[in-house]
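Structure 1 and structure 2 below are the same protein chain in two forms, each given by itself as structure tokens.
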Structure 1
Amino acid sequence: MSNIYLKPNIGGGIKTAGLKSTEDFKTATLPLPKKVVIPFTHHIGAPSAPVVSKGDHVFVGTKIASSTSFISADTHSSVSGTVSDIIELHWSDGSLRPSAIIETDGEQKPDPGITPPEISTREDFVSAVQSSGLIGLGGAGFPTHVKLAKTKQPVDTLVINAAECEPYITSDYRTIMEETDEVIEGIETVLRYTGVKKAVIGIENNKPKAIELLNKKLNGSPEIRVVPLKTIYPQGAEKVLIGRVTGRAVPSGGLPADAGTIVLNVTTVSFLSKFVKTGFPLVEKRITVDGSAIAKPGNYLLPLGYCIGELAENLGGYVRSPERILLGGPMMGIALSSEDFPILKTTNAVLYLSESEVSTIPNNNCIRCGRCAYGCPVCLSPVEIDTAYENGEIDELKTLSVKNCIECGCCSYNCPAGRPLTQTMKLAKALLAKVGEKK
């Protein structure tokens, strides 16, 4: 049987310090915030339409926004209380997104209308997952039910992303250590309803205890296999992960299904197993808090919408002045300009970094060393893309396959001249999109 899939050529990646100092911190909880700010749209896809207005009373799990199309997701309240206002929240990309501010009443009453879903077919499964508000909990935010729907291409492998390649972040690791049974049940649930035959868990080998625990619980299962990966950033990037565990490449502009796979984050499957039993939608997240500026780093299970400032207060405050606050890891995370931003479904870490933990190198001339090209996991040439973008050479940018860039940050990390290459890649993509539109 000929192999219809492309061979993956994966470039160097980078070796960073793991900085996983919170790995052995068991997940804790924090006092409820006074208010939560929940944007109606956390996901990639069509924005959700709000179904609550000012003054409404909500319970934990009450739907506050409804998906408007297939590639969209519902959003639910993470606390019980009253909707005190609907505001436009300043997003990191400069846009304004409507969000609900909910004053907590401290009681955390679950919504009485929540019941376990009735699932007998794949279609039932997909619509049940859609109603749970589940989106990729690894940080990408793609509505999960879309991945679980039947595709034209044949799919034979479920890939579970447990790589967690970003420095500092240990929330997925804690999920594996503390919810191992749910993880495995979740995988089995997905396999059962989608009809996919086997599953592979890709996990970096800097988590030996997790690998051992999973293997023990799987007990030689023929369907689910654990594949340890070398600890190189970005093993957890979807295209790289698929290449490493299946030996297949996702074609340019394609989806994992084009490589015969479905990729789900390990925390996503753990949630799925709980959801299928209880019907309780996505309202809380396990977040790694780290950085030398905060008093109490660790892993915390927090309701969505917890504001960063209030979070810092409940975490014991600052022990030194934070230079930068990131949502996400240091390689791809977004720097916040104020503490008034909330935790989203896509957040898996809040990093309160002090000056010594943030690198700023002034931007100098490119010396054409090529370290960016060596580090690029998808084998692009940032050195040439940078020059082409500066000169506005549209055709050259097209030839250089800028659209394949996964924006992992390896090129910028490696650059000795401190050039903002990742940003240049994004700007080049935007330029090509603009030029494409004009046509």
Structure 2
Amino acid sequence: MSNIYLKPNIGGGIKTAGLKSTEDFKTATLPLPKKVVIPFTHHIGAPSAPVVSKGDHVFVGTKIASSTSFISADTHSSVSGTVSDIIELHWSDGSLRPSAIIETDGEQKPDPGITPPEISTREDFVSAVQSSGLIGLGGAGFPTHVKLAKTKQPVDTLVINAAECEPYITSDYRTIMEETDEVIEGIETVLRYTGVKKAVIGIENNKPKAIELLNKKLNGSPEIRVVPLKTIYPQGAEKVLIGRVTGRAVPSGGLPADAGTIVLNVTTVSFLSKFVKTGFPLVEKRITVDGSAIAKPGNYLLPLGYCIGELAENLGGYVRSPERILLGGPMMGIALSSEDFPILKTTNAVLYLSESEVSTIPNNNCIRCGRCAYGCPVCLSPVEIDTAYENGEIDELKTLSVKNCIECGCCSYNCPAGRPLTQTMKLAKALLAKVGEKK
């Protein structure tokens, strides 16, 4: 993580330095990469099944992997060219995921079979969204059509996540500023086909221009309102956001629908607006590129599968050696071990950080200061969970509700002893899942 100053906040969460230096950088494009690497599965849920082989020619938007269950999503080619190989890509969790390497032909011809979807019912809408390959674009990667399907619980509120609370990242902000009409049209589309009556846009108050623009465009809409929020991390975490904009709580182990809500990222609804008009699937992503190691920070619209190393080359290279390259923000992003890793559907930023932006605190003994619990936005006690995990106390981990951890990183960042608490929380959750699988 970077050495951003963070101040614990009463009530959960932490104050961060925004470092939003790219917020006024309009979205730009870059030369096509020589190749893209596209995993067949980007999402949470059942893996997608590849439908292309080495040597196949593909267009922009050609389906290359098909969903295998309802909680799954299709994947499409982001370029026109030839599938040069099928590889096993090393993922951040150590797993291997089948992926296609596609050599670009430079023509970017769209797939001739793409047409606008015919939608008249909620079921049509859900089916069309599943075919688009859309998953949560805020980072979690849950297939969007699952959220839009009818639930047993009554849902009355659509919550739009425009908080963008992590330092550095401004890609969602640029979506609002550059695609305001599409954002509003996307929200109206979701309301129309799901039957949800109202929508609230949760956005941190450090984005006054975006708040003003949205309110101007909405012009007093009775269905959609903007809710400015305190600037505090992790304001954009799903459960936190629901509580802040509706006053409702998602029960332990529950889903947003259990609080009468659907939560979608602001870039997700912008995509939906364009998709229902064109039928063009998800093949590109707006991302923030920042950090003092890269020559040309900014916001860029890139085809999925653009590799991190070639991205750096096309941005003028490094002005100093990167100490760490993060896929995502400094709080929840993943440190990459290879520049061959690609841009994913869930990628909202790539940070090329120099040594001055990265601090490493040696892992020392806990001093029982309580700062980890003080900043936890979901009121857990990471120090007790850490002890229970080290001792293998399964029942205690359940009692301490470790499953409710949102892996935001507040506990690790607040710890003056440098203990890897967030990693321990992840391991503890994985341990409980493994125990559950054996029963």
Partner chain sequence: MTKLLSVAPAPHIRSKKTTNLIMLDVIIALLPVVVASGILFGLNALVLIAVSVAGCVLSEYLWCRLMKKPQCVQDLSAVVTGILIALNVPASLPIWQVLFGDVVAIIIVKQLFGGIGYNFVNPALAARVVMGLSFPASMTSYTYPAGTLEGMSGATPLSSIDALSNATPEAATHLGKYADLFSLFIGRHGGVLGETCALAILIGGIYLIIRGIIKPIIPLSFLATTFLLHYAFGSIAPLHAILSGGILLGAVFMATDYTTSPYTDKGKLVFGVGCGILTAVIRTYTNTHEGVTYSILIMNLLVPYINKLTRKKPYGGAAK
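Residue 1 is the first residue of structure 1, and the numbers go on in sequence order from there. Please read these numbers as outputs of a predicted model, since none were measured by experiment. Whichever C-alpha set is largest while still superposing within 1.5 Å between the two forms counts as the rigid core.
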Exercise. Of structures 1 and 2, which is the form predicted on its own?
Worked result: 2
For this session: Give me the C-alpha shift of Leu431 between structure 1 and structure 2, core superposed, in Å.
Result: 2.4
